[in-house]
Each structure stands twice: as C-alpha cells, then as structure tokens.
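Here's a solo chain for you in structure tokens, the form predicted alone.
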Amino acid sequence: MKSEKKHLIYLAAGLLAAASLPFVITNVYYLHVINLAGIYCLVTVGLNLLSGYTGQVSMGHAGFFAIGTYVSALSALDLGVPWLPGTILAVLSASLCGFVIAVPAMKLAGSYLVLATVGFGEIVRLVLVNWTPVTKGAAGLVGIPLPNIFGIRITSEGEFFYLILVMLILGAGIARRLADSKIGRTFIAIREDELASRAMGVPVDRYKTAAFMISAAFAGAAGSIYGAFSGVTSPDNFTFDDSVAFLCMSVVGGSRTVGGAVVGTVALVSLTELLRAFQAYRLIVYGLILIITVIYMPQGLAGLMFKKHTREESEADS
C-alpha cells in the first residue's frame, strides 16, 4: 500500500510538472519539439501493446500513422468534418487497416511478420504518392484546419501542448487498463508461449488481430493530431525510417511497459535534436542504441529505472 501511494504521488508530481511546461519553456521551437514527442508517444504506446505485450514486431507503423493523418485531414478539407469526428474516423480507418494486415499476419511469425509489416508501410506510402486525385500525390496536403473542440479553437503551441497531453493521458490510461486486464494477461501469455496458449483454448488469432487493431487505432489518433498540428503533410513524412524510429523508441524505453513508451520517445527525440547536425547518420545511431539496449538493458530504460526504484525501496525497508 505504501509503495502504491508513492507511485500515485510520483504520477501526480509528473503530471503537474508536465502541465507547467508551457509556462516554463518560452522558446516556441522547444515547445514544438515537445509536442512532436507527445504525438510520437501516442504511437509508441500502441506499438508497445502489439510488440511488447503480444510479441508481434511491427516495422510498418508509419503506415497506420499516415492513414490517421490523411483520413482526418481529407475529411476536414474535402467534407468539412470537424477535428473531433475526423479523429474518430481516423481511428476507425487505421483500426480497419490493422485488421486487414492482421489477417495474413496470422500465418506469419518472426522475420516474415516483420517483412509483411514493412511491405504494408511501403504500400501505404506508395498509395499516398500515386493516388493523386485524392491525396494530391507527392505535393501533399496544405491548409489542414486547426482543431475546433466544442467551440474552443486550438491555435498556439501551448494550446496544442495541452490537447496532446490530454490525448496522451487518455491513451496511456486505456493502454494501462488493457495491460492489467484479462486481455493484457492473454496478450502476455501469447507472447510467452503461443502453442501453450492454443492448447489451453485461447483464441490466439482473435487476440492477435485485436492487438493489431488496437495498436493501429493509437497510431491513427496520433496521426489525426499530427495533421492538424503541422497544418501540412506529405508522403515524405511517413517513410520506413519513421517506422524504425517508432520501434527504437519502444525498445529503448521498454516495450513491455506503458511508461516505457514515454521514456523511450522522450529520450530518442531529445537525442535526435542534440544530434541534428548528424541527421544523415540517424539510423546508424539508432542501430547502435538498439544493440546497446538489447545487450545491456533488455527491459529498456523504464525497466532500469524500475529496478533501481525497487532496490531503493527494499534498502529503505530493511
């Protein structure tokens, strides 16, 4: 009980510190980077449910992210749909595409599944490039309307920060409840031993499909925010490099925890900004970080922090 109270205090303090960032950080560029990190966090939280909890590695999440962005943006530009209903459309569309890729993925595992998700991401990007009458091709979309939620128009970086923060808290809360529920425990059982799960009567294919759809829905929601936040978008924003970055964020932070998605995303986005002069070597740096993480920190940064916290608590109790 004492430990649980401590965790609640830490969580409240963290949320309070996060909510005060727009008042502390006056540089608009830094706040812009923080907002981007928050959007990527939402994608990574969903990816953790798929890769970390269910054991299905995806390297095509930029495709789901793109679907959410374009569905929300096109519904606003062409149909005049407000941002909130457009976000719901984006989530449903991405989730449906998650179902489409999950069906053939049921017969694949390991590197074959990874290749299938890579192919999906590339197919989405090529559709965006070549379906010119709808997506405007390589030129992309411009003038994506700003969100208007119940009469409140989101315009500044600070206002976007709070919108993204609310969406991230909501997404992380849903992911946490799923992870602690029967569904989450079933995901873990499938990850640990799929054959044993089938032998126990678990409908493995159904749960794998659900994991893909839920993870894609998170990416779709993040894409909807990203389009309205950027105001413009093009297929160049959703490449294989971005899928690799999402996976790196998941692994570095700790793919088997919801909090790991936040830790990993913040760490890699910060590192990317620090190494902006070496942008051409970004994937090399990511590769080195992945190797170091897998060898020395298999549970990621969040796992390392949790171990340290647990050790300090046990020393304090003794």
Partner chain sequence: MTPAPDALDCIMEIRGISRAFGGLMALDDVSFKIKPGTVHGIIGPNGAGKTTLFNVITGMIPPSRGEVLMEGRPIPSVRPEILTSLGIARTFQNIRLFKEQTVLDNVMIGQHIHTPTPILSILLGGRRAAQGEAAARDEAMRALRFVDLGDKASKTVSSLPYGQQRLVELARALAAKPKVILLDEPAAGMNPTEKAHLIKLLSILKEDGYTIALIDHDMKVVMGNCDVITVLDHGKKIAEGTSESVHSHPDVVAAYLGKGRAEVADA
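Positions refer to the first chain, counted from 1. Only a predicted model underlies this, so the values are computations on that prediction, with no experimental measurement involved.
There is also a form predicted in complex with the partner chain; it is not shown, and the following applies to it.
Participant: Could you tell me which of 175-183, 220-228, 142-150, 104-112 sits within 4.5 Å of the partner chain in the predicted bound form, going by non-hydrogen atoms?
Facilitator: Checking each option against the 4.5 Å cut-off leaves 175-183.
Participant: Select from the listed residues V202, A138, A116, V232 the one whose heavy atoms reach within 4.5 Å of the partner chain in the predicted bound form.
Facilitator: Here the answer is residue option V202.
Participant: Using a 4.5 Å heavy atom cut-off, which residue among F99, F240, Y162, Y207 comes into contact with the partner chain in the predicted bound form?
Facilitator: It is Y207.
Participant: Within a 4.5 Å heavy atom cut-off, is S93 in contact with the partner chain in the predicted bound form?
Facilitator: The answer is no: S93 has no heavy atom within 4.5 Å of the partner chain.
Participant: Whether R256 contacts the partner chain in the predicted bound form should be assessed with a 4.5 Å heavy atom distance threshold; does it?
Facilitator: Heavy-atom contact with the partner chain at 4.5 Å: present for R256.
Participant: Just checking whether S75 would be counted as a contact of the partner chain in the predicted bound form - the rule being heavy atoms within 4.5 angstroms.
Facilitator: S75: no, not in contact with the partner chain in the predicted bound form.
Participant: Is there a non-hydrogen atom of L126 within 4.5 angstroms of a non-hydrogen atom of the partner chain in the predicted bound form?
Facilitator: Result no; L126 lies far from the partner chain in the predicted bound form.
Participant: Going through 133-157, which residues have a heavy atom within 4.5 Å of the partner chain in the predicted bound form? Please give them in sequence order.
Facilitator: Result: empty, none.
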